[in-house]
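This document starts with one chain, in the form predicted alone, laid out as structure tokens.
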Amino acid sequence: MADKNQLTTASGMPVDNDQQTLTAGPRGPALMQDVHLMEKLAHFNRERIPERVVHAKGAGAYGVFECTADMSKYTRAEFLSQAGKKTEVFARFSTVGGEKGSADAARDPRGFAVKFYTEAGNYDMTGNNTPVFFIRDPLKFPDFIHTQKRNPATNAPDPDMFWDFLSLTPESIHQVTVLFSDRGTPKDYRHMNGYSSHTFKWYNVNGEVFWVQYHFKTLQGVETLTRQEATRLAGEDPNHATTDLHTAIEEGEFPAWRVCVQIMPEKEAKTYRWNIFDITKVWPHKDYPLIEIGRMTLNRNPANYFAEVEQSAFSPGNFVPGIGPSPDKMLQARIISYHDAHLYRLGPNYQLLPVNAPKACKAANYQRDGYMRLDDNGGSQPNYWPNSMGGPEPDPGMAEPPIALEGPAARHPQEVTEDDFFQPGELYRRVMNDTDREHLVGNIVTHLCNAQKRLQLRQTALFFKADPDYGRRVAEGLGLDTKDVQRLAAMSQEERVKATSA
């Protein structure tokens, strides 16, 4: 019999590890035989009825993407094949952690999702307004989001939950630094950038593979809110960003973004100084400069919010020939989880809804029946393959080039290394100016001061490891002894946790 404190699956099987996903080798990809991960993600998707578990509150609009450079050297994706080619899009922006009624000005990442209605099917780019994320293993995701939601006893947001998890997850330090800068409170949806965060695979007609990351650079200019401005707006106009997007389009002030990519040849990934499939890291622009590929303009508001925004469904698994996934474990899990979430929220035929259905081509498959079927259900055509009745056939010419995978199937540990602290340190030292650093520290202190002192010490030690001045200023703002913080920063993660446990 399992000990009463033993973590188990829903069926009662003891769990050996709840931090590392089962992968092929240390860098992945994730394996479908990880029943604990599948159960955890599937249950997580079903915890809220009926709103989205994350990205619950959002705004959306239709528009057009115009390709400005022929990218056929890198990808066979048709919508990127020639300058001047236009593709209809639907974009949805959102807050991430809050409920549907939360304030648009909340300190939170912003979802930045774009559906391209291409002639080869729908391609979805599901990103955020930040280039990195808090975690790099999907097994941690449901737990992370739980800490951003409500305490199960008080039903209120809990700073102890928030900072306890983050201080026990050092890989989060880069995203925490971004989130608590003023970039964590964009002025509105028009004045923020969008990023794929994940690395994706591009491949051309010759089978050559390239790794890419997307950047949507706002042509309105990046504008943010201070902590004080965000607090005022949350009380006075909690829907300000939603209203702003609709009003701007209604008045003909169509928001636009310059769409760029960073491109890395496949062979360079193995020797690059960081794991390019780690979503907590960025590729410095001096190594891989931005290459412009197009321009996105939003020019039409939805006629009905529920039908077109609330029922819109994006998935990082919606690819087109020329674009595919990378071995990034977080991306691999999202490919499964997003589709599963839509099946739960909207039903098995959600892709027949007008906002989700292909527009520039026709879907042809053998999926039939299910509630809310919106078409003729395939008529009298066969519902199986193979068949000799003239049904749609697979096209071997559409296959992706193979990627070599190797490594033992195990839950590979991800050790805390100095790499987790170097990039956030560079962000603090080199990218931020004096005002940015002042606001960052003030934003952190205002929130972290509500957590227990032991959690303040543990988290501030992580700031100190990113940059001593960063940690010192947070410590002083919290009234902590900087020598205690420095001592904790010098410890290993295991020692630090033990020293600050309840």
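The first residue of the sequence shown is number 1, and the count goes up from there. From a predicted model like this one, the values you see are computed outputs, not experimental measurements.
There is another form of this protein, the form predicted together with a small molecule, and it is not shown here; the text below is about that form.
- Note on contacts: among 120, 309, 106, 282, the single residue with a heavy atom within 4.5 Å of the small molecule in the predicted bound form is 282.
- Put simply, of 75, 196, 95, 181 only one has a heavy atom within 4.5 Å of the small molecule in the predicted bound form, and it is 181.
- Heavy atoms within 4.5 Å of the small molecule in the predicted bound form map, among the stretches 346-354, 209-217, 145-153, 75-83, onto 209-217 alone.
- Though the partner is left out of this view, residue 222 does reach within 4.5 Å of the small molecule in the predicted bound form, counting heavy atoms only.
- When the small molecule is considered in the predicted bound form, residue 131 lines it closely, a heavy atom lying within 4.5 Å.
- In the predicted bound form, at least one heavy atom of residue 430 sits within 4.5 Å of the small molecule.
- Put simply, residue 262 is close to the small molecule in the predicted bound form: some heavy atom of it is within 4.5 Å.
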